[in-house]
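Both blocks below hold the same protein chain, though in two forms, and each is given as structure tokens: structure 1 and structure 2.
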Structure 1
Amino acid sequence: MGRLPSRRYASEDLHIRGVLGGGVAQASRDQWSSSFGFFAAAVGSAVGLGNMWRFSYLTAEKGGAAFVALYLVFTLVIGIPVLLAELTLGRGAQKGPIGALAHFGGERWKALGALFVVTGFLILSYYSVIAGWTLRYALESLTVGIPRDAAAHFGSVSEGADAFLFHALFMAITMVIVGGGVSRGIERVSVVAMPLLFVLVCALALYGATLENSAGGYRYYLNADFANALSLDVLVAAAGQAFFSLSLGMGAMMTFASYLPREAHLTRESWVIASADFGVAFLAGLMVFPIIFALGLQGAVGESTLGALFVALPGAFAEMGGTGRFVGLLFFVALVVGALTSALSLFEVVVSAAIDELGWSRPKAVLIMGVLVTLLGAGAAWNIAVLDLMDQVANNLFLLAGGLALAVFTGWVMDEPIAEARAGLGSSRGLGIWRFLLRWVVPPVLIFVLWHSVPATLENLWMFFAG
């Protein structure tokens, strides 16, 4: 999936940077060592639980292919423009969100950057709880096997001390890698993890095709019933998913782009990242639905919830005996790998902000922020309803509002975004359309979506706290 041969980035790039907008060369700042390194890390950020767990459960809950089609449209019309905006801001300023927004918009934009960092903090704290479940399931598949009564098992491990323990373990792994730095930690892991994940997902999708009775799964997944599926609720979910899946609206891609040299070709990067992200989500559907239908578990799909994937699929694997256990192992390893590379980017947002804005050393930032994220995740680990709520608040409010602010900032506030985006080896093709979308399409679409998602999310919050 890479664009080989990979270009190595010369360290001299550090010194030729900064033509436009005064991007500042900082000799001490880490940098990706090759274009493939950045690509692997960025795709690693995008591809994660969002593609496998969230995409599948939303597709099931929101009526199959019509949801998928909408999600694709949102990816094209609002996802890619905002992705390119994030890459442009990050590379141009050579800073994470707080510094980048201040660089291009002045000090008062720092607050938005700070909000992004808080969002990263919030998402990572519950994302890591789910990642902890996948880690546990992978270890269990390898050792004792997942019990046949998958629903009871999920009930006992998804909340409470066990869930917290695996969340903390997952956070510890994330901390070790991010502690290693950008090129020596995140990049080194991503260049191995991403190809591995891709091979695993392809293999599992092919396996799904070999199962008897899988046809119903494909039919469910690929037959669009727009008449029944097009509702505001589906629209909001598809927009939120487009942002979540591409890691947009909170400066993760901006942070990663801040370690890019000037020569990086941003328009191409954004297309390739978005295609890889959608491709993996689509493949994940091709693996999940046939397996579930082949085993007659479509009931679990119909009443899909956050936990369905952790109940229906392990149940299915357990029914299949030895093969199932092996397939289950591959499946959960794929989930762990995807979750880990995404968590790296979430954590890097928080860590780089502490380094840039508070002047902390990387080890100090990793340690303090890692412990805080782990503690904040305790709520989600103790109660799945809290996790669900955090996911809704993060996606339906923060990411969408963040995306809106980014589009307005890049489209209306920033000087010469087009020149900044095409700096280096970039081309101008399509950049006029990009700015048009950022100005006239992304904001109205997101305002419309927020108009509906804000009251619904606040109501859910209210209901939760009012008991």
Structure 2
Amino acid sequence: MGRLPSRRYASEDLHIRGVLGGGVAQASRDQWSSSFGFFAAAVGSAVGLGNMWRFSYLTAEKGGAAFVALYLVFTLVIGIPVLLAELTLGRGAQKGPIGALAHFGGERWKALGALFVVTGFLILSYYSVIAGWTLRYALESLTVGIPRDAAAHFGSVSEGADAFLFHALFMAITMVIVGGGVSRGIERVSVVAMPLLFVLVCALALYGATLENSAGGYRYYLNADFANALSLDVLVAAAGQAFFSLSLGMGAMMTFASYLPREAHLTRESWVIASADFGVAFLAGLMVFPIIFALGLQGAVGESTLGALFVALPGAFAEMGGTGRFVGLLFFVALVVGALTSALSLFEVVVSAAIDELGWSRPKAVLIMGVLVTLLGAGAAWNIAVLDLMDQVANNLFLLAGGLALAVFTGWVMDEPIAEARAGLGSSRGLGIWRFLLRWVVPPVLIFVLWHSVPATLENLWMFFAG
């Protein structure tokens, strides 16, 4: 992918568009220094702990290759259309979610942008707790090794002061990187982290292929159970995964797109990001399941996703001696890298909103918002039940509701979304279909998913607070 226009050229373009379009443009706004930098950061946002394990887990449990086929269909009809909508709004307004919605829809639409920011804030507050676990396990694999009694070890470090300490440490790392800005902070890390993640996942997948009994993992992962895949539960899961895996509904892609110049080809970027996201997620399954089956841990797969990642696999790595310690180090480093790239995008949503809407400097926004996120995550760090509840609220309510509203806004409210999407180096090919999907396909599908996920979430909320 070629280089983007120089920062000077991009700033001049922003100034001209601000004057001619009557909008507010910030000539000093940071820009990605290359298209690969934006690509790496955007894919890094999409590829996180959910892709490294959740996609593999759902694929194995809900139809194998049949689930993958469903996921790809929903990615085409939901994921890519909403992704392109976020990129279009962010690049067009050169603002984060709140400013972008106000720019194209007026002040009354600021509330939707605020929902995106709140969602990113909430997700990061508990996501960094889980990321802190991966950071601890990576450091332990490098230094002292993981104890053989992995279950007791996880029980002692997953809640309480230890969990909060590593949550705070992970947030501090995130704050330092985002504090460096878009091109000097997020981009510099992403262009190294994403290739590193790809190499680690490929290396572990190749290692898993050499293990005895790994074939059972491939069969479990890629079984083609079409009868199971067509059930209501699996349809909802596939639609939800297609939406969640691309970091949609939380303003991350909109915020990253706000640092793009006018010349960016948004249609191409949408397809490339979605393809890379799926590729890494699929490779992660080829990494995890052969190792799980070769080590005889298949019983842990259906019990708990956290149990497999932080109890069963670490325990098996500990039993393998020196080889297991090295493989475990690579495995948890890959998880840390995936977690970090996603955390950077979530935190940038919050920081960008503070800079754009409150007029704060980046250092001030990073410090204040970072401390607030860390404090909100304290509840999740001290109690896994709180973490699980926060995850349900964010994923089953906020993300889906935000994505639904975004599709309605772009499809029905925004003036000339096709003209905005094809601006610069874009083209109009397929954009009529894009708007049709946003109007007539995405809303019904997301309403369908909400209809089946909201009751259970509200019930869990009631039980948590009542019990």
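Every value quoted in this text rests on a predicted model; they were computed, and no experiment measured them. Numbering for residues begins at 1 and runs along the sequence of structure 1. The term rigid core refers to the most C-alpha atoms you can superpose between the two forms while keeping them within 1.5 Å.
* Since only one of the two is the form predicted in complex with ligand PFF, can you say which one? -> Of the two, structure 1 is the form predicted in complex with ligand PFF.
* Asked: Under a superposition restricted to the rigid core, does Ala239 display a Cα displacement of 2 angstroms or more between structures 1 and 2?
  -> Yes, Ala239 moves 2 Å or more.
* **Rigid-core frame, C-alpha of Tyr71, shift of 2 angstroms or more between structures 1 and 2** => Where the cores coincide, Tyr71 still shows a C-alpha shift between structures 1 and 2 that is 2 Å or more.
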